[in-house]
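Next up: a single chain in C-alpha cells, the form predicted alone.
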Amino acid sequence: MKTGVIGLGAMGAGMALNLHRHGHLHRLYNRTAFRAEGLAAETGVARAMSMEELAADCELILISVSADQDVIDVVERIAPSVTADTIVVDTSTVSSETARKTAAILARSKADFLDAPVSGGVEGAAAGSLAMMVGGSAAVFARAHETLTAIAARIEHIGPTGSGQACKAVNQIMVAGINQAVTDALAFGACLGLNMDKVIEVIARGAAANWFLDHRGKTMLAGDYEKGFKVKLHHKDLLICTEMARNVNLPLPIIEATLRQYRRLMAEGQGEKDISALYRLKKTQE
C-alpha cells in the first residue's frame, strides 16, 4: 500500500526506513522539516509539504508522535484530506479514549483507524523487530497487515478500537516493574562489591533474564543513559496507566513509586535520558 509517515523521531524514522526497504514508503512528513529532508534524501521518497498533502496521496498513513493531543491534532488536520477507505495507523502511546476519539473523527470521512502502539525501543524500530498490539476492526487489520509486517516482527490484533492502547498500558506497567527490579538489584550488587559485568553475564542466562538487563545493564553500570526510552515519555505513559487504573479502582503502587522517582529525575534535568537513569538515583544511596 502507498504509505505515508507523519512523525520522524527516533521511532518514526526507523519505521519509515523499514517501510522503504519493503517498497511501501510513499511520502514523509515531519513538523521539523530538516528531519524529513534528511530522510527524503536518504530514501529518495518525496517529502510532503504538509500533512494534508500526504493524507491526500496515501492509502495508509502511519502516525508516530508523542502525546494524546498531538495525535488528535494530526488526525483533525488530515481528516478532511483523506479518501474513503484510507487506513490511519497510530503507533503512538496514548489513552484508549484518545484512540476512540480519533477513530470517530476519521469515520466522518469514511476512513478507517487502527490504534497500534509498539514495543521494542529504538533498536526494534531500526531492525523492524517491534511488537505491535492493534485495536480496531479485524477486517481493516487484515488489509493493513502485510504493510505492517515491514515494521514489526510480532503483530497481534487485540480487539476493538482502544484495545491496542490498553494492551500497551499493560506493557508499560511491566516495563516500570522491570526497571525497578533491575536497577534495585544492580545497585544492591554494586554495594556488595561484586564484579557487576560478571553478574550481568551469568544472570542474563538464568531465570531472571530479560530484555532490559540485556540492552541496558552494562550501559547503566557505565553511567551511560543516552540511548533508549526517555524518562519523560515513560512518565507520560504511566500517568495514562494511572488514570486507567483509577477508572477500574485498581491500585498500582509500583507505578506511584516510579512516577515519584521519574519526577525527581526530571527535576534534575534527566527527563531526556533513558529510563535506566533510575539506577543513578539508587546507586547514589550506596
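Numbering starts at 1 and runs along the sequence shown. Just so we're clear, the structure is a prediction, and the values are computed from it rather than from any experiment.
Another form exists, predicted in complex with a further copy of the same chain; not displayed. Remarks below refer to it.
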In this chain shown alone, the residue from Ala84, Ala139, Ala104, Ala208 with a heavy atom within 4.5 Å of a further copy of the same chain in the predicted complex is Ala208
Using a 4.5 Å heavy atom cut-off, which residue among Thr98, Thr161, Thr147, Ser119 comes into contact with a further copy of the same chain in the predicted complex?
Ser119
Would Arg280 sit within 4.5 Å of a further copy of the same chain in the predicted complex, counting heavy atoms only?
no
Going by a heavy atom distance of 4.5 Å, is Glu76 a contact of a further copy of the same chain in the predicted complex?
no
Gly223 near a further copy of the same chain in the predicted complex, any heavy atom under 4.5 Å?
no
At the 4.5 Å heavy atom threshold, is Ile254 in contact with a further copy of the same chain in the predicted complex?
yes
To test your reading of this chain, name the stretch in 68 to 76, 163 to 171, 108 to 116, 86 to 94 whose heavy atoms come within 4.5 Å of a further copy of the same chain in the predicted complex.
163 to 171
Where, within 153 to 185, is there a heavy atom within 4.5 Å of a further copy of the same chain in the predicted complex? Residue list please.
Arg154, Glu156, His157, Ile158, Ser163, Ala166, Cys167, Ala169, Val170, Asn171, Ile173, Met174, Val175, Gly177, Ile178, Gln180, Ala181, Val182, Asp184, Ala185
